[in-house]
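Shown here is one chain on its own, the form predicted alone, set out as structure tokens.
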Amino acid sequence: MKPILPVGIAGIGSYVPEGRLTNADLEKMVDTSDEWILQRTGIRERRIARQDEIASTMGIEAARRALEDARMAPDEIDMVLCSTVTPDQPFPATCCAIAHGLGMNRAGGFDIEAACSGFVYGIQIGASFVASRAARNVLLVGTEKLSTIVDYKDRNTCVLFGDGAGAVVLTSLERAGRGEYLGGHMGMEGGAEDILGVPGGGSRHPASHETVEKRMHYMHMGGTRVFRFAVATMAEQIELAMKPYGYQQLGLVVPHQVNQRIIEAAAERVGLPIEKFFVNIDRYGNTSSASVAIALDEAYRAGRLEKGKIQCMVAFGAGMAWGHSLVRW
């Protein structure tokens, strides 16, 4: 049996739409205020895609930037993974549209539906393909057009979410020369469909006049239950991830951008200063599968990924599903 191959991140990229939905804009749409939103979430604005921008087109743009950063041509990719809960359509998989848009004619691939944890899951899945030599180069894309499933009559959810995409290219560490994948963890607790999800449109509640009238095709969220679960889970994952190494080796925590208060509470619970966390939720809101990917790219472009230090990506989301992935930059 061939030895396990060390894996690295060769390229990172992201894309966010130009359209902005500010708190002031939301004040005109629902019973809310800039102060209320900012105090409870830390969000000032979120990006909203144009009608002609969909999950695949945003994913294609992020992927192009990641490939450019990796100095890799599209036809060098063997596997395309796409994490999304807002696919172009139920099937075929959105990864097929991304591969086609990039001119890839031989790559395999599939979609990952793990909501906000999808990108962190995807790193582990993609790294496994490379490490086992089942694929030389893997493109992982996290892309969401959450504005299509947000109910803009529900002030508890419409203030939270935005659109965008991010991507990484995984390959052998020898070729990548950076971003050594150290491992990760995936976990979930089922039976939580009522806490966070879109109840309509699947085999449980197929699309009908009734599901449309009941607004079941929009996102529904359980509020305080999500907050408590999120803080505990994020803190547990950071502690689990860094226990073998020690916090002295930690460069940066790149968390799912869910809520400023949740991130701050998790930081306090693990005893880390908030400066150790890369946070951009104020400008983008929660972009689900794209969240960690966009934050990782921004941290990279800003020179925040310290060489030789461990970067801890941690996420949780609907399902409930959670996980972390570690890379040493």
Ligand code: UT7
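Model, not experiment: these values are computed from the prediction. Each residue number is its position in the shown sequence, starting from 1.
What comes next is about the form predicted in complex with oxa(dethia)-CoA (UT7), which is not displayed.
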*Looking in the predicted complex, is oxa(dethia)-CoA (UT7) within 4.5 Å of a heavy atom from each of M186, Q237 and C312?*
no
*Which of 296 to 304, 60 to 68, 267 to 275, 36 to 44 has heavy atoms within 4.5 Å of oxa(dethia)-CoA (UT7) in the predicted complex?*
36 to 44
*Sort through N259, S172, T86, S147 and report the residue having a heavy atom within 4.5 Å of oxa(dethia)-CoA (UT7) in the predicted complex.*
N259
_Looking at V159, V130, V253, I77 here, can you tell me which has any non-hydrogen atom within 4.5 angstroms of oxa(dethia)-CoA (UT7) in the predicted complex?_
V159
_in the predicted complex, N286 touching oxa(dethia)-CoA (UT7) (heavy atom, 4.5 Å)_ = yes
*Though only this chain appears here, would V226 touch oxa(dethia)-CoA (UT7) in the predicted complex if you measure heavy atom gaps against 4.5 Å?*
yes
*Given that the partner is absent here, does L196 sit within 4.5 Å of oxa(dethia)-CoA (UT7) in the predicted complex, heavy atoms only?*
yes
*Indicate whether R155 is a 4.5 Å heavy atom neighbour of oxa(dethia)-CoA (UT7) in the predicted complex.*
yes
*Interface residues of 96 to 117 toward oxa(dethia)-CoA (UT7), as seen in the predicted complex [heavy atoms, 4.5 Å]*: C116
